[in-house]
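Two versions of one and the same chain are coming, encoded as structure tokens; call them structure 1 and structure 2.
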Structure 1
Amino acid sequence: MDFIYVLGDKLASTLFDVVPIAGIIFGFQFFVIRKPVANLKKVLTGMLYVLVGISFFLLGLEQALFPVGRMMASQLTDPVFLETVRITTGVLHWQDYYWVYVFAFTIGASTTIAEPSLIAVAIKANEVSGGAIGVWGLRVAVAIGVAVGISLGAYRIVTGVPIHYFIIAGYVIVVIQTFFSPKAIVPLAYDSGGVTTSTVTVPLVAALGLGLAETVPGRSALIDGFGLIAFASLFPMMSVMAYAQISVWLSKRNHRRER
């Protein structure tokens, strides 16, 4: 059966990713730490689950979401489609791409919610903070950050503004926020920039960037197609710090009221 073959293929390629990691872990465990792994059987079973989980996950994504997402990205950036929904006259203006921004925002947010590495970090953050940081609160905050980032990134490709202006401005905002945020959230916020963009988001976002860069006049797919991922890793830092700032502010306000 075709499906079994594809699943086997996914399993093999995931295994290929996992083998070096497992080699490093068990190599150090046996040669440096020189102690048996506690609950070895459980750990191995857990790793097997992770392997099977990622394989099924990728299989499903490739069968269902990626083709549809790619097709939609190319349809939404298609000049023929844009002609039917445009709101200005004459040459296409950046406003005419409004559906692209809406798509970028919603697909950025929704794929981030399903991102496995973010789920992992959110579970840990919840555990370590003793429940102060909600699993869903963090995930939604990061999702909003990715959504804003990708829409802005799409706008950048359409208008052709150089990427480093945005990135530098973003860095400045992150630095300013760092000084005003609760200290405990800062490392987690910095981390959330990196975890957002892996299995689900990157392929869909790359398709959108490439589709835009290919169809917008004057853009080169090779140069302008890049950069969306950078946006998606920058903005979550801001949104997570903002999430912490808002929750501190809200609890202070409630506190004052109680008095």
Structure 2
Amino acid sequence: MDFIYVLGDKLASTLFDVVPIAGIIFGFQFFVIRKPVANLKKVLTGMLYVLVGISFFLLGLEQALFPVGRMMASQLTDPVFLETVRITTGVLHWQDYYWVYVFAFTIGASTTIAEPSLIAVAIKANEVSGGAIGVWGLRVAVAIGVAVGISLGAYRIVTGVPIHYFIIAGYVIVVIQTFFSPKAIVPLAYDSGGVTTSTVTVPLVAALGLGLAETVPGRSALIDGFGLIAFASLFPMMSVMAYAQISVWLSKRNHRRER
């Protein structure tokens, strides 16, 4: 009964959020464009699927992904666990948290590979480029960027280094890469940084950051717990442009060898 009550509450709140969007779309369709909605039955059925799907997804976030992220952060930073993997002696140092960095890297890569929005962008990029941009090549490049970014963000939380040092340095690198990367890949690289902060990646990353900040001594959940998502957005831009630059370099090298 508790599950039905909670699910009903999620359905009601989701309906409250979706109705204004539907109102705007249908309002423009009927009063601005002044044409009937094509396949109205399919559209309404699809909106019903969206309503139910979002409700189940939000329920899953609260009962699974957020608790799992916090639990893993808590376990990996538990003093008892750290005593078994301690590298240094005496006071804990950043290198004693190496399992945290490994977990951050792997969870960043795996969630990005499974990200529906990234899959959609990769398929469209493959179509419009005539196959020049590989679906898996783009997905792996973005996943590596997210994995590196989140692991570096975890390192920042452990060490307490201010976030703006990393963000400023990262965007300086992005600006430099923009001038030297193939022009066709630059907009896609920028978009790749946005699609990573979506349905699968954000809940686990946010939970991991808050969990780390709450369990690492001397950290503030408000100051240090947030910011991992910024790393997940920034580093894919670097990795996608680097992927394009490496591809161009390899292509030129192979062409020179053939000559």
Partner chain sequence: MDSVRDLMPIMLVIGFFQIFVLQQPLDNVAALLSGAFFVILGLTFFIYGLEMGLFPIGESMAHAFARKGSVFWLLAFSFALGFGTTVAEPALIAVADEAAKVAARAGHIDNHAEAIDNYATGLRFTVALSVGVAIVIGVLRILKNWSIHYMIMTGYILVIVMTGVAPDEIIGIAYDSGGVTTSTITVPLVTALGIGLASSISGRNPMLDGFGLIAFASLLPIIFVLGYGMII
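Structure 1's sequence is the ruler for residue numbers, which start at 1. Bear in mind the structure is a predicted one, so any value in this text is a computation, not a measurement. Throughout, rigid core stands for the largest set of C-alpha atoms superposing within 1.5 Å between the two forms.
As for origin, structure 2 is the form predicted alone and structure 1 is not.
Put simply, the chain has two rigid parts that turn between the two structures, and the hinge between them is at 70, picked from 49, 70, 175, 160. Treated as two rigid parts, the chain shows its smaller part rotated by 11° relative to the larger one between the two structures, based on C-alpha superpositions. Core-based alignment between the two structures gives a C-alpha movement of 3.9 Å at residue 25. Relative to the superposed core, residue 43 has its Cα moved 6.8 Å between the two structures.
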